[in-house]
Ligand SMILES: Nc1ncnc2c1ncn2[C@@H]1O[C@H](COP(=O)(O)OP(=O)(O)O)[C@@H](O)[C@H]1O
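A lone chain, given as structure tokens: the form predicted alone.
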Amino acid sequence: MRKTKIAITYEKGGVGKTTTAVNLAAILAEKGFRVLLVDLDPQSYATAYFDLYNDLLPSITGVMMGKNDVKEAIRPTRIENLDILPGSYDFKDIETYLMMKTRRQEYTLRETMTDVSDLYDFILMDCPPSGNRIKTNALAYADYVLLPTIPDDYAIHGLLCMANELVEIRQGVNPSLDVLGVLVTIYERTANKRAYTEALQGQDIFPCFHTLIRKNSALSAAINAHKPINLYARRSNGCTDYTALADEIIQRLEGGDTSGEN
């Protein structure tokens, strides 16, 4: 399986992007893969998740602005095989910085990551719900997009918005970008949630993962404990589901199948 860069993104917040990024990164690392988690959200929740927020140390902001080498900023987590390129609150200023660049602003992240791109089996990017230039940089660098989605009445519309966005990205900056899958998160066994989930699984805009991430209190508690779910509650539904997601991703990548079909 080739080294893989995945942008975890969607059109709105509250769909489990950071939860997915953190737990998927930790489980892939546990499976023996070398993983780098890149925190591209000014709120820096992924960084705080590992209790590593420190705005006095180099972060993604300094790296993308050319003030720090990427190797200076990357920090190990307490999990073997898992490193993080931390976020910081001042990353909110990166949009202005990118806007002022006269050329190749959309490739800033890709160019600053050159020295480390081949050091990891997986590079996962936790993207913000807003910040068009940040997201464009992530999508210009990524091989694949993973789309966490809540099963609700906005879900299909959100995928249509993403489809339009990805058409522009493929035409303009990254023609090889592909969608790894739509991931249904915060799933509950109610009639409404089942109906929306069936609609997501039946749509033909993007492939949909077979794995569903069930609503699970252990996932929320793990955030407060600053631990990924596989360390906090291994027997929880949250750990079962994210492990299944990791296995499904590995299977698709090893088989070259990102169509969502078995």
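Predicted model, so just to flag it, every value in this text is computed and none were measured. Throughout, we count residues from 1 along the sequence that is shown.
There is another form of the same protein, the form predicted together with the ligand; it is not shown, and what comes next is about it.
Asks: With a cut-off of 4.5 Å between heavy atoms, is Leu57 one of the residues that contacts the ligand in the predicted bound form?
Replies: It does not: once the ligand is placed as it appears in the predicted bound form, Leu57 has no heavy atom within 4.5 Å of it.
Asks: Taking the ligand as it sits in the predicted bound form, is Ile223 in contact with it (heavy atom to heavy atom, 4.5 Å or less)?
Replies: Ile223 belongs to the contact set for the ligand.
Asks: With a cut-off of 4.5 Å between heavy atoms, is Ile186 one of the residues that contacts the ligand in the predicted bound form?
Replies: Heavy-atom contact with the ligand at 4.5 Å: present for Ile186.
Asks: Is there any non-hydrogen atom of Asn216 lying within 4.5 Å of the ligand in the predicted bound form?
Replies: Looking in the predicted bound form, residue contacts with the ligand include Asn216, since a heavy atom lies within 4.5 Å.
Asks: Within 4.5 Å of the ligand in the predicted bound form, which residues of 13 to 48 have a heavy atom? Give them in sequence order, or say none.
Replies: The stretch 13 to 48, when checked against the ligand in the predicted bound form, contributes Gly13, Gly14, Val15, Gly16, Lys17, Thr18, Thr19 at the 4.5 Å heavy-atom cut-off.
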